[in-house]
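This document opens with one chain alone, in C-alpha coordinates, the form predicted on its own.
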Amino acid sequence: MRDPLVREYRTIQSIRGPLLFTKRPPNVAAGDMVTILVDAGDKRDGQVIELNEKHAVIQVFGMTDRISPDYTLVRFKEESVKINLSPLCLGRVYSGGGEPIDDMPTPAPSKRSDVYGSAINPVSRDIPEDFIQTGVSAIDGLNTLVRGQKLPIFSCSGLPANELATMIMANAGTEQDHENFSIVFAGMGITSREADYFRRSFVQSGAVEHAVLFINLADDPVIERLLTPRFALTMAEYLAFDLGRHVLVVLTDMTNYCNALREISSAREEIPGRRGYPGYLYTDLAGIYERAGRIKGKKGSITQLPILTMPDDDITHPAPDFTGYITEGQIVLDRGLNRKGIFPPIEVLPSLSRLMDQGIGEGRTREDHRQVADQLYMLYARGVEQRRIASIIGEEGLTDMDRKYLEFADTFENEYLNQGTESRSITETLRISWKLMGDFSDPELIRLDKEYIAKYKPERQDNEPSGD
(Lines give C-alpha, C1' and ligand atoms only; values in the text may rest on other atoms or scores of the structure.)
Protein backbone atom coordinates (compact mmCIF):
# COMPACT_ATOMS: atom_id res chain seq x y z
CA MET A 1 0.00 0.00 0.00
CA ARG A 2 1.42 3.33 -1.05
CA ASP A 3 2.18 5.97 1.59
CA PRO A 4 -0.66 8.58 1.50
CA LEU A 5 1.93 11.32 2.09
CA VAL A 6 3.68 10.45 -1.19
CA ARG A 7 2.56 12.21 -4.38
CA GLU A 8 3.94 11.46 -7.85
CA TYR A 9 4.32 13.94 -10.71
CA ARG A 10 5.81 14.02 -14.19
CA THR A 11 6.42 17.76 -14.24
CA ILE A 12 10.17 18.21 -14.79
CA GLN A 13 10.72 21.35 -16.85
CA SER A 14 14.52 21.55 -17.05
CA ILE A 15 17.77 20.12 -15.67
CA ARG A 16 20.78 22.24 -14.73
CA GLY A 17 23.75 20.38 -13.28
CA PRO A 18 22.59 18.61 -10.09
CA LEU A 19 19.32 20.59 -10.03
CA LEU A 20 15.88 19.68 -11.36
CA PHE A 21 13.31 22.41 -12.01
CA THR A 22 9.69 21.25 -11.79
CA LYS A 23 6.24 22.76 -11.51
CA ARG A 24 5.37 23.39 -7.90
CA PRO A 25 3.02 20.73 -6.54
CA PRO A 26 0.59 21.53 -3.73
CA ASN A 27 1.41 20.82 -0.07
CA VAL A 28 5.17 20.68 -0.63
CA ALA A 29 7.63 22.62 1.52
CA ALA A 30 11.29 23.48 1.21
CA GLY A 31 13.39 20.71 2.70
CA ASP A 32 10.97 17.92 1.74
CA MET A 33 12.48 14.72 0.40
CA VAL A 34 11.75 13.35 -3.09
CA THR A 35 12.48 10.18 -5.02
CA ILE A 36 13.30 10.44 -8.73
CA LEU A 37 12.13 7.35 -10.64
CA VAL A 38 14.26 7.25 -13.78
CA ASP A 39 13.20 3.77 -14.85
CA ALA A 40 12.63 0.36 -13.31
CA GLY A 41 15.28 -0.25 -10.67
CA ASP A 42 16.82 3.22 -10.95
CA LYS A 43 15.71 5.40 -8.07
CA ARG A 44 17.56 8.51 -6.92
CA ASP A 45 16.93 10.62 -3.86
CA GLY A 46 16.68 14.38 -3.80
CA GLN A 47 15.51 17.29 -1.72
CA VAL A 48 13.44 20.39 -2.39
CA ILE A 49 15.79 23.30 -1.77
CA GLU A 50 13.76 26.22 -3.17
CA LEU A 51 10.14 27.09 -3.90
CA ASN A 52 8.40 29.99 -5.56
CA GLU A 53 4.84 30.53 -6.72
CA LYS A 54 5.17 28.31 -9.80
CA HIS A 55 8.31 26.19 -9.51
CA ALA A 56 10.21 23.86 -7.21
CA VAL A 57 13.98 23.32 -7.33
CA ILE A 58 15.21 19.83 -6.43
CA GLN A 59 18.81 18.99 -5.54
CA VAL A 60 19.58 15.43 -6.69
CA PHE A 61 21.69 13.21 -4.44
CA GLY A 62 24.06 11.97 -7.12
CA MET A 63 24.26 12.18 -10.89
CA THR A 64 21.47 13.51 -13.14
CA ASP A 65 22.41 11.40 -16.18
CA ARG A 66 19.54 9.64 -17.97
CA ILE A 67 16.97 11.84 -16.24
CA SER A 68 14.52 13.05 -18.87
CA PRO A 69 11.50 15.38 -18.54
CA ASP A 70 9.60 13.05 -20.87
CA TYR A 71 9.47 9.89 -18.76
CA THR A 72 11.11 10.55 -15.36
CA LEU A 73 8.68 10.50 -12.46
CA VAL A 74 9.19 12.68 -9.37
CA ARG A 75 7.73 11.32 -6.17
CA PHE A 76 7.27 13.99 -3.49
CA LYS A 77 7.07 12.88 0.11
CA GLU A 78 5.63 15.61 2.27
CA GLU A 79 8.26 15.09 4.94
CA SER A 80 11.66 16.67 5.55
CA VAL A 81 14.91 14.77 6.15
CA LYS A 82 14.63 12.65 9.29
CA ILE A 83 16.93 10.31 11.17
CA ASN A 84 16.14 7.23 13.25
CA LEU A 85 17.54 7.56 16.77
CA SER A 86 18.31 4.84 19.27
CA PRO A 87 20.84 4.01 22.01
CA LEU A 88 21.84 1.16 19.71
CA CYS A 89 23.33 3.73 17.30
CA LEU A 90 26.42 3.91 19.53
CA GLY A 91 29.29 2.05 17.92
CA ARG A 92 27.81 2.40 14.42
CA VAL A 93 29.10 3.99 11.21
CA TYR A 94 26.76 5.84 8.85
CA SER A 95 27.08 7.55 5.51
CA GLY A 96 26.74 11.31 5.32
CA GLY A 97 23.11 10.69 4.38
CA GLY A 98 22.36 8.71 7.53
CA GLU A 99 22.48 5.19 6.06
CA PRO A 100 24.46 2.43 7.87
CA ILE A 101 27.70 1.53 6.04
CA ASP A 102 29.20 -0.91 8.56
CA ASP A 103 27.49 -4.06 7.18
CA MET A 104 25.23 -4.29 10.21
CA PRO A 105 21.43 -4.11 10.31
CA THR A 106 19.68 -0.82 10.89
CA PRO A 107 18.90 -0.47 14.61
CA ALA A 108 15.26 -0.30 15.62
CA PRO A 109 14.45 3.38 16.22
CA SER A 110 13.34 4.70 19.58
CA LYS A 111 12.69 8.11 18.08
CA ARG A 112 12.58 9.77 14.67
CA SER A 113 13.64 13.41 14.39
CA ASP A 114 13.98 16.12 11.75
CA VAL A 115 17.67 16.84 11.11
CA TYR A 116 16.97 20.55 10.65
CA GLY A 117 16.99 21.30 14.35
CA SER A 118 17.19 24.80 15.73
CA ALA A 119 19.75 26.59 17.84
CA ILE A 120 19.42 26.34 21.59
CA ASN A 121 17.20 29.10 22.95
CA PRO A 122 19.46 31.63 24.74
CA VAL A 123 16.97 31.82 27.62
CA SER A 124 17.28 28.04 28.12
CA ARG A 125 21.07 27.95 27.91
CA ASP A 126 23.05 26.98 30.97
CA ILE A 127 26.55 28.37 31.55
CA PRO A 128 29.36 26.02 30.42
CA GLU A 129 31.58 25.48 33.43
CA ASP A 130 33.00 21.93 33.56
CA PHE A 131 36.63 21.33 32.60
CA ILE A 132 37.25 18.80 29.80
CA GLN A 133 40.70 17.27 29.93
CA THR A 134 41.98 16.66 26.40
CA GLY A 135 45.47 15.47 27.36
CA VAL A 136 47.02 18.28 25.27
CA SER A 137 49.02 20.78 27.36
CA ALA A 138 48.57 23.69 24.94
CA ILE A 139 44.79 23.26 25.25
CA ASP A 140 44.35 22.16 28.87
CA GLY A 141 46.88 24.60 30.26
CA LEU A 142 46.41 27.67 28.05
CA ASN A 143 43.19 27.34 26.04
CA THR A 144 40.99 25.17 28.20
CA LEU A 145 38.03 23.37 26.63
CA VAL A 146 34.84 23.62 28.67
CA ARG A 147 31.85 21.30 28.50
CA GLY A 148 29.24 22.90 26.24
CA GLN A 149 31.76 25.07 24.37
CA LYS A 150 32.35 25.54 20.64
CA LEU A 151 36.13 25.56 20.10
CA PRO A 152 37.28 25.24 16.46
CA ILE A 153 40.69 24.12 15.22
CA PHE A 154 42.11 26.29 12.41
CA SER A 155 44.64 24.38 10.35
CA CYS A 156 46.78 25.06 7.30
CA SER A 157 46.68 22.49 4.52
CA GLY A 158 48.89 19.51 5.30
CA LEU A 159 49.09 20.06 9.05
CA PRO A 160 48.11 17.24 11.44
CA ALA A 161 44.69 18.56 12.46
CA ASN A 162 43.14 15.10 12.08
CA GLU A 163 45.82 13.56 14.30
CA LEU A 164 45.19 16.21 16.95
CA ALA A 165 41.44 15.58 16.75
CA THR A 166 41.85 11.83 17.21
CA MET A 167 44.16 12.46 20.18
CA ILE A 168 41.53 14.67 21.80
CA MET A 169 38.73 12.19 21.09
CA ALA A 170 40.75 9.36 22.62
CA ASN A 171 41.43 11.30 25.84
CA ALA A 172 38.45 13.59 26.38
CA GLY A 173 36.04 12.61 29.08
CA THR A 174 38.18 9.87 30.57
CA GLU A 175 38.55 11.45 34.02
CA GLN A 176 34.91 11.65 35.05
CA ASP A 177 31.47 10.64 33.77
CA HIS A 178 33.16 8.17 31.42
CA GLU A 179 30.08 5.98 31.34
CA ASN A 180 27.98 8.97 30.22
CA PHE A 181 30.43 10.26 27.61
CA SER A 182 29.91 9.90 23.85
CA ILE A 183 31.55 11.10 20.64
CA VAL A 184 29.74 12.00 17.43
CA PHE A 185 32.07 12.34 14.47
CA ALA A 186 31.10 13.93 11.14
CA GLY A 187 33.54 13.79 8.21
CA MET A 188 32.57 16.02 5.28
CA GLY A 189 34.26 15.72 1.90
CA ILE A 190 37.10 13.64 3.36
CA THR A 191 39.13 11.15 1.33
CA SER A 192 38.82 7.38 1.66
CA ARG A 193 42.26 7.36 3.26
CA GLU A 194 41.16 9.87 5.90
CA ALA A 195 37.97 7.93 6.55
CA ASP A 196 39.95 4.71 7.08
CA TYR A 197 42.34 6.58 9.41
CA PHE A 198 39.50 7.83 11.60
CA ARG A 199 37.78 4.45 11.72
CA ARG A 200 41.02 2.70 12.70
CA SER A 201 41.76 5.34 15.32
CA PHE A 202 38.38 4.87 16.95
CA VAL A 203 38.85 1.11 17.06
CA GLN A 204 42.43 1.25 18.38
CA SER A 205 41.58 3.72 21.14
CA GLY A 206 38.44 1.85 22.17
CA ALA A 207 36.38 5.01 21.68
CA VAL A 208 34.26 3.35 18.99
CA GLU A 209 32.10 1.70 21.66
CA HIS A 210 30.66 5.06 22.71
CA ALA A 211 30.86 6.84 19.34
CA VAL A 212 28.69 7.39 16.27
CA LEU A 213 30.42 8.14 12.95
CA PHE A 214 28.94 9.91 9.90
CA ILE A 215 31.23 9.83 6.86
CA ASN A 216 30.71 11.80 3.65
CA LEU A 217 33.49 11.09 1.16
CA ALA A 218 34.87 13.57 -1.35
CA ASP A 219 33.12 11.78 -4.25
CA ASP A 220 29.74 11.57 -2.48
CA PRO A 221 26.90 13.90 -3.50
CA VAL A 222 27.40 17.55 -2.61
CA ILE A 223 23.94 17.94 -1.08
CA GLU A 224 24.74 15.05 1.26
CA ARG A 225 27.69 17.10 2.53
CA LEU A 226 25.27 19.78 3.68
CA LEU A 227 23.21 17.22 5.56
CA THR A 228 26.09 15.39 7.27
CA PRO A 229 26.66 17.85 10.16
CA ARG A 230 22.92 18.06 10.70
CA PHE A 231 22.60 14.28 10.98
CA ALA A 232 25.49 14.31 13.45
CA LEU A 233 24.07 17.13 15.57
CA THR A 234 20.59 15.60 15.67
CA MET A 235 22.17 12.38 16.93
CA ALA A 236 24.18 14.38 19.49
CA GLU A 237 21.05 16.19 20.71
CA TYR A 238 19.32 12.86 21.25
CA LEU A 239 22.28 11.41 23.18
CA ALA A 240 22.72 14.58 25.25
CA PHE A 241 19.26 15.83 26.02
CA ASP A 242 17.22 12.61 25.82
CA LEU A 243 19.74 10.14 27.27
CA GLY A 244 21.66 12.57 29.50
CA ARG A 245 25.10 11.94 27.99
CA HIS A 246 27.98 14.40 27.59
CA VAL A 247 28.70 14.49 23.86
CA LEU A 248 31.78 15.73 22.01
CA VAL A 249 30.97 16.51 18.36
CA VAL A 250 33.90 16.66 15.92
CA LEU A 251 33.12 18.24 12.53
CA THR A 252 35.78 17.96 9.83
CA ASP A 253 36.31 19.64 7.46
CA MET A 254 33.93 22.59 7.76
CA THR A 255 35.73 24.31 4.87
CA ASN A 256 34.53 21.47 2.62
CA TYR A 257 31.02 22.11 3.93
CA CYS A 258 31.32 25.82 3.05
CA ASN A 259 32.60 24.95 -0.44
CA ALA A 260 29.61 22.64 -0.95
CA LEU A 261 27.29 25.45 0.08
CA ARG A 262 29.01 27.74 -2.45
CA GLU A 263 28.62 25.12 -5.20
CA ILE A 264 24.89 24.74 -4.56
CA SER A 265 24.46 28.51 -4.39
CA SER A 266 26.26 28.92 -7.71
CA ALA A 267 24.06 26.28 -9.36
CA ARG A 268 21.01 28.18 -8.14
CA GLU A 269 22.48 31.38 -9.63
CA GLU A 270 22.29 33.25 -6.35
CA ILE A 271 24.09 36.56 -5.95
CA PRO A 272 27.50 35.73 -4.45
CA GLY A 273 29.02 37.38 -1.40
CA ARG A 274 32.65 37.30 -0.20
CA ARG A 275 34.86 35.14 -2.46
CA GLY A 276 31.83 33.65 -4.16
CA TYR A 277 30.25 32.26 -1.00
CA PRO A 278 26.52 32.92 -0.53
CA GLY A 279 25.51 35.92 1.56
CA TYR A 280 23.82 33.63 4.09
CA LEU A 281 27.03 31.69 4.89
CA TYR A 282 27.32 33.29 8.33
CA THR A 283 23.69 32.47 9.19
CA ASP A 284 24.05 28.92 7.92
CA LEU A 285 27.19 28.29 10.02
CA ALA A 286 25.53 29.84 13.07
CA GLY A 287 22.65 27.40 12.67
CA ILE A 288 25.16 24.56 13.04
CA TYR A 289 27.45 25.94 15.75
CA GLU A 290 24.67 27.25 17.99
CA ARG A 291 23.25 23.76 18.44
CA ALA A 292 26.06 23.13 20.94
CA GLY A 293 25.79 23.93 24.62
CA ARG A 294 23.96 23.01 27.80
CA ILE A 295 20.26 23.36 28.59
CA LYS A 296 18.91 24.26 32.02
CA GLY A 297 17.37 21.24 33.69
CA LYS A 298 19.10 18.77 31.34
CA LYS A 299 21.94 16.59 32.52
CA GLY A 300 23.71 16.19 29.17
CA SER A 301 25.74 18.63 27.08
CA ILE A 302 27.07 19.08 23.55
CA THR A 303 30.64 20.29 23.02
CA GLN A 304 31.71 21.09 19.46
CA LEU A 305 35.17 20.78 17.98
CA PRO A 306 34.92 21.95 14.34
CA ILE A 307 38.04 21.61 12.17
CA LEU A 308 38.65 24.06 9.32
CA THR A 309 41.41 24.13 6.72
CA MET A 310 42.38 27.71 5.93
CA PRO A 311 42.79 28.10 2.13
CA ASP A 312 46.20 29.63 1.34
CA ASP A 313 46.86 29.69 5.12
CA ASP A 314 44.54 32.72 5.29
CA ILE A 315 42.79 33.08 8.65
CA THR A 316 40.67 35.92 7.18
CA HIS A 317 39.08 33.51 4.67
CA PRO A 318 35.27 33.55 5.12
CA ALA A 319 35.08 30.01 6.56
CA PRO A 320 37.46 30.53 9.53
CA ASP A 321 36.59 34.23 9.81
CA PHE A 322 32.85 33.66 10.30
CA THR A 323 33.53 30.63 12.48
CA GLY A 324 35.70 32.72 14.78
CA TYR A 325 32.88 35.24 15.24
CA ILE A 326 30.30 32.58 16.11
CA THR A 327 32.34 30.26 18.32
CA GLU A 328 34.05 30.81 21.67
CA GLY A 329 37.68 30.96 20.61
CA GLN A 330 39.99 29.02 18.31
CA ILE A 331 42.98 26.67 18.34
CA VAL A 332 45.44 27.68 15.59
CA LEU A 333 47.96 25.24 14.10
CA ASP A 334 51.24 26.69 12.80
CA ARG A 335 53.23 25.54 9.78
CA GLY A 336 56.51 26.82 11.25
CA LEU A 337 56.13 24.73 14.41
CA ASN A 338 55.23 21.71 12.30
CA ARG A 339 58.44 22.13 10.26
CA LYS A 340 60.39 22.01 13.54
CA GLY A 341 58.88 18.58 14.24
CA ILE A 342 56.69 19.84 17.09
CA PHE A 343 53.44 17.94 17.69
CA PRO A 344 50.87 19.19 18.18
CA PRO A 345 51.99 22.38 16.37
CA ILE A 346 49.63 24.69 18.27
CA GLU A 347 50.48 28.37 17.98
CA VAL A 348 49.37 29.52 21.42
CA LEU A 349 49.57 33.30 20.97
CA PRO A 350 46.68 33.66 18.46
CA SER A 351 44.80 30.74 20.06
CA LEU A 352 42.07 31.56 22.54
CA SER A 353 39.40 29.96 24.71
CA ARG A 354 36.86 32.59 25.72
CA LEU A 355 35.25 30.28 28.28
CA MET A 356 38.49 29.17 29.91
CA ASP A 357 37.81 31.02 33.17
CA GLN A 358 34.51 29.15 33.53
CA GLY A 359 36.21 25.76 33.66
CA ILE A 360 39.41 26.27 35.65
CA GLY A 361 40.44 27.19 39.16
CA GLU A 362 40.01 25.61 42.56
CA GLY A 363 37.62 22.69 42.54
CA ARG A 364 37.95 22.23 38.77
CA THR A 365 41.66 22.18 37.87
CA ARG A 366 43.84 23.97 40.43
CA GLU A 367 43.81 27.38 42.12
CA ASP A 368 46.99 28.60 40.36
CA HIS A 369 45.89 27.64 36.84
CA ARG A 370 44.81 31.09 35.62
CA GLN A 371 47.90 32.86 36.84
CA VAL A 372 50.22 30.15 35.50
CA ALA A 373 48.61 30.49 32.05
CA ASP A 374 48.98 34.30 32.13
CA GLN A 375 52.63 34.04 33.14
CA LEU A 376 53.45 31.49 30.43
CA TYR A 377 51.78 33.68 27.81
CA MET A 378 53.81 36.68 28.94
CA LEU A 379 57.16 34.87 28.97
CA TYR A 380 56.57 33.15 25.63
CA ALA A 381 55.37 36.38 23.96
CA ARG A 382 58.52 38.15 25.16
CA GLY A 383 60.63 35.26 23.86
CA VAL A 384 58.99 35.36 20.41
CA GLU A 385 59.54 39.11 20.30
CA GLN A 386 63.25 38.67 21.10
CA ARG A 387 63.45 36.00 18.40
CA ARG A 388 62.30 38.55 15.83
CA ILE A 389 64.73 41.16 17.11
CA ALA A 390 67.62 38.65 17.08
CA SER A 391 66.86 37.83 13.44
CA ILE A 392 67.58 41.48 12.64
CA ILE A 393 70.45 42.47 14.93
CA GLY A 394 71.77 39.06 15.96
CA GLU A 395 71.81 37.48 19.41
CA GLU A 396 74.96 39.44 20.27
CA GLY A 397 72.85 42.60 20.37
CA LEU A 398 70.53 41.23 23.02
CA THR A 399 70.87 41.83 26.73
CA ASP A 400 71.29 38.93 29.15
CA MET A 401 67.62 39.22 30.10
CA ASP A 402 66.57 39.27 26.46
CA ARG A 403 68.54 36.07 25.83
CA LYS A 404 66.85 34.51 28.83
CA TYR A 405 63.44 35.14 27.26
CA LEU A 406 64.73 33.83 23.94
CA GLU A 407 65.91 30.60 25.57
CA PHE A 408 62.55 30.26 27.32
CA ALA A 409 60.69 30.43 23.98
CA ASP A 410 62.79 27.56 22.59
CA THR A 411 62.42 25.47 25.75
CA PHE A 412 58.67 26.16 25.90
CA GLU A 413 58.19 24.88 22.35
CA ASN A 414 60.38 21.80 22.82
CA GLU A 415 59.15 20.71 26.26
CA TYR A 416 55.66 22.15 26.69
CA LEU A 417 54.15 22.21 23.20
CA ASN A 418 56.01 19.21 21.81
CA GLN A 419 54.48 16.28 23.66
CA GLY A 420 53.96 13.87 20.77
CA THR A 421 50.99 11.53 21.15
CA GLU A 422 51.55 11.24 24.90
CA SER A 423 48.53 12.24 26.97
CA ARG A 424 49.19 14.56 29.91
CA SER A 425 46.99 15.14 32.93
CA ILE A 426 46.34 18.72 33.99
CA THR A 427 48.55 18.06 37.05
CA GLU A 428 51.44 17.08 34.78
CA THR A 429 50.84 20.10 32.54
CA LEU A 430 51.00 22.46 35.53
CA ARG A 431 54.11 20.70 36.85
CA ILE A 432 55.90 21.26 33.54
CA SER A 433 54.74 24.88 33.57
CA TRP A 434 56.34 25.56 36.94
CA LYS A 435 59.48 23.72 35.87
CA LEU A 436 59.86 25.97 32.81
CA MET A 437 59.38 29.09 34.95
CA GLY A 438 61.99 27.90 37.46
CA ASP A 439 64.83 29.77 35.75
CA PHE A 440 63.21 33.13 36.50
CA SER A 441 63.55 34.85 39.85
CA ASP A 442 60.46 35.52 41.95
CA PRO A 443 60.32 39.28 41.12
CA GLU A 444 60.37 38.42 37.39
CA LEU A 445 57.23 36.28 37.72
CA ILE A 446 54.95 39.28 37.96
CA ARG A 447 51.74 37.43 37.05
CA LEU A 448 51.98 35.03 40.00
CA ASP A 449 50.99 35.55 43.61
CA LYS A 450 53.75 34.99 46.15
CA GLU A 451 51.77 32.26 47.88
CA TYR A 452 51.62 30.23 44.64
CA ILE A 453 55.34 30.78 44.01
CA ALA A 454 56.16 29.53 47.50
CA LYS A 455 53.88 26.52 47.12
CA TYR A 456 54.59 25.32 43.59
CA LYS A 457 57.83 26.78 42.27
CA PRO A 458 60.73 24.25 42.36
CA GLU A 459 63.82 25.47 44.19
CA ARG A 460 66.16 24.32 41.42
CA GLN A 461 65.63 23.07 37.89
CA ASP A 462 67.39 19.78 38.67
CA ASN A 463 65.37 19.13 41.83
CA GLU A 464 61.76 19.83 41.01
CA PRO A 465 59.02 17.87 42.75
CA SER A 466 57.57 14.96 40.85
CA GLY A 467 54.12 15.23 39.34
CA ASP A 468 51.11 13.19 40.30
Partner chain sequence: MSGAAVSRISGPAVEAKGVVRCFMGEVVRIGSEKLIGEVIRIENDLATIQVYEETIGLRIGDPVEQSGELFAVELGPGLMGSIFDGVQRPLTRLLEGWGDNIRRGGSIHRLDRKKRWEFEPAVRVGDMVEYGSILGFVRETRLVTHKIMTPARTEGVVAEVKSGGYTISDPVVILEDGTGITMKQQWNIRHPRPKAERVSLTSPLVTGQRIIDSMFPVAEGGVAIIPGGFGAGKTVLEQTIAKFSHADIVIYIGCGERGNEMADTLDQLTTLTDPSTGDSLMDRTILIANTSNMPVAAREASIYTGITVAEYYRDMGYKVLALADSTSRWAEALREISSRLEEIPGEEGYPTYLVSRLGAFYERAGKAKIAGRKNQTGSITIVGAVSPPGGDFSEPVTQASLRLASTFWGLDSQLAYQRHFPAINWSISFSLAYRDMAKWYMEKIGKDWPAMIDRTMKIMAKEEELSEIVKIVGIDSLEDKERLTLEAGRLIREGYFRQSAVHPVDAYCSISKQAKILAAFLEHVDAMKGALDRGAGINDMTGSAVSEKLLRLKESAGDTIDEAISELRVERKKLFKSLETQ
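Numbering follows the first chain given and starts at 1. Keep in mind that this is a model prediction, so the values were computed, not measured.
One more form of this protein should be noted, the form predicted together with its partner chain, which is absent from this view; the next part is about it.
Only one of 207-215, 316-324, 183-191, 83-91 lies within 4.5 Å of its partner chain in the model of the complex by heavy atoms, and it is 316-324.
With a 4.5 Å cutoff on heavy atoms, residue 250 does not count as touching its partner chain in the model of the complex; it lies far away. Using a 4.5 angstroms limit between non-hydrogen atoms, residue 53 touches its partner chain in the model of the complex. Contact check for residue 27: a heavy atom falls within 4.5 Å of its partner chain in the model of the complex.
In the model of the complex, no heavy atom of residue 96 sits within 4.5 Å of its partner chain. Proximity to its partner chain in the model of the complex, defined as a heavy atom within 4.5 Å, holds among 171, 365, 358, 256 only for 358. Contact annotation: of the candidates 287, 107, 100, 311, the single residue with a non-hydrogen atom within 4.5 angstroms of its partner chain in the model of the complex is 287.
Relative to its partner chain in the model of the complex, residues 148, 399 and 445 are all within 4.5 Å by at least one heavy atom. Residues 348, 349, 350, 351, 352, 354, 355, 357, 358 of 342-371 are found to place at least one heavy atom within 4.5 Å of its partner chain in the model of the complex.
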